[in-house]
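One chain comes next, on its own, written as structure tokens: the form predicted on its own.
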């Protein structure tokens, strides 16, 4: 029984961490470009809704997934248009789009289906496939934890690795980091800062859209009101803790996934329900405080040296 509990918990951690990883990677791209991405929540929301609508209309999970990716990318581009072309304040623009997305997704759902909270009755959405890894699924303990996940769970790990290589090893990645370090210096050597910002927001939106697609076509097979539930902000926290490192952000997201899994397990006990639901966010705040204290002490030591 203990082994079953361990494997069930481990499987749950990876499943619950998947949207957090995509949110963290979405924030990491922007952070490397010197941008602060508070809008991963909106990217995921639109990706989740559009993925369900299109997959239900076309009866194709693949087309629904691609539509979710496009929806996230469009959200990122809109932020770029508002802040770079329209000269709007970055923080205010993102707050506005987050508020608009929370209500806008429900408005669109109601306009198309007459439902205000859940798409399950009106839209028969399809689910993205799960993958059983040959040879691994029969391995005791490890097999049941690592095999049988939704394809996007494995995709999240691959995305973190590829994004790390892209940022660290490619010319475009070097340009992103250069702009993030000093946009004026980067511009002086011929790097187009607006184009880099556009690329960063687009990539960020794509990753956020994929995270949203997992929420409505992997974790569930429907869209529900505010279903992202703060995961975009948790992903932002995970990225901030490691300075935008994609691999580091992935591991931080896994830590928050553990907290989420513990919260789910505690809901089966007599623990106070409201306190249990707060657990992932409490862990986020505590970890942020600890990281801030460590960075503050490190900066003081360097100043004294």
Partner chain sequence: MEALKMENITKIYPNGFVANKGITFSVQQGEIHALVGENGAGKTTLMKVLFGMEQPQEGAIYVNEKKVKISSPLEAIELGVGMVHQHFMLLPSMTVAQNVTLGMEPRKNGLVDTQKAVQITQEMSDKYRFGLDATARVGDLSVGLMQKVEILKALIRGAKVLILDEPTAVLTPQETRELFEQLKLLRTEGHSVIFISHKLEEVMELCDNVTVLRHGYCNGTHPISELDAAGISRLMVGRDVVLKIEKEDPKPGKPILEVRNLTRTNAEGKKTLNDVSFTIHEGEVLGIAGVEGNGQSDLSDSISGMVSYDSGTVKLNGKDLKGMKIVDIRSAGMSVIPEDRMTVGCVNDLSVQDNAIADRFDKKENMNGIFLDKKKAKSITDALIKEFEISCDSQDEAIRFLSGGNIQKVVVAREFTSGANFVVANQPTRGVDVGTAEMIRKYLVRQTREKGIGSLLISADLNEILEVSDRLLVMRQGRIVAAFPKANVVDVDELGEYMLGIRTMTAQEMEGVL
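Residue numbers count along the first chain shown, from 1. Every value quoted in this text rests on a predicted model; they were computed, and no experiment measured them.
Another form exists, predicted together with its partner chain; not displayed. Remarks below refer to it.
Proximity to its partner chain in the predicted bound form, defined as a heavy atom within 4.5 Å, holds among 174, 161, 131, 142 only for 174. Interface membership of residue 84, defined by any non-hydrogen atom within 4.5 Å of its partner chain in the predicted bound form, is ruled out. Contact between residue 77 and its partner chain in the predicted bound form is not found at the 4.5 Å heavy atom cutoff. Although the partner is absent here, residue 181 lies within 4.5 Å of its partner chain in the predicted bound form, judged by heavy atoms.
For residue 170, a non-hydrogen atom is located within 4.5 Å of its partner chain in the predicted bound form, even though that partner is not displayed. This chain is displayed without its partner chain, yet in the predicted bound form the stretch 189-197 from 68-76, 189-197, 206-214, 219-227 comes within 4.5 Å of it by heavy atoms. Of all the residues from 85-104, none has a non-hydrogen atom no more than 4.5 Å from its partner chain in the predicted bound form.
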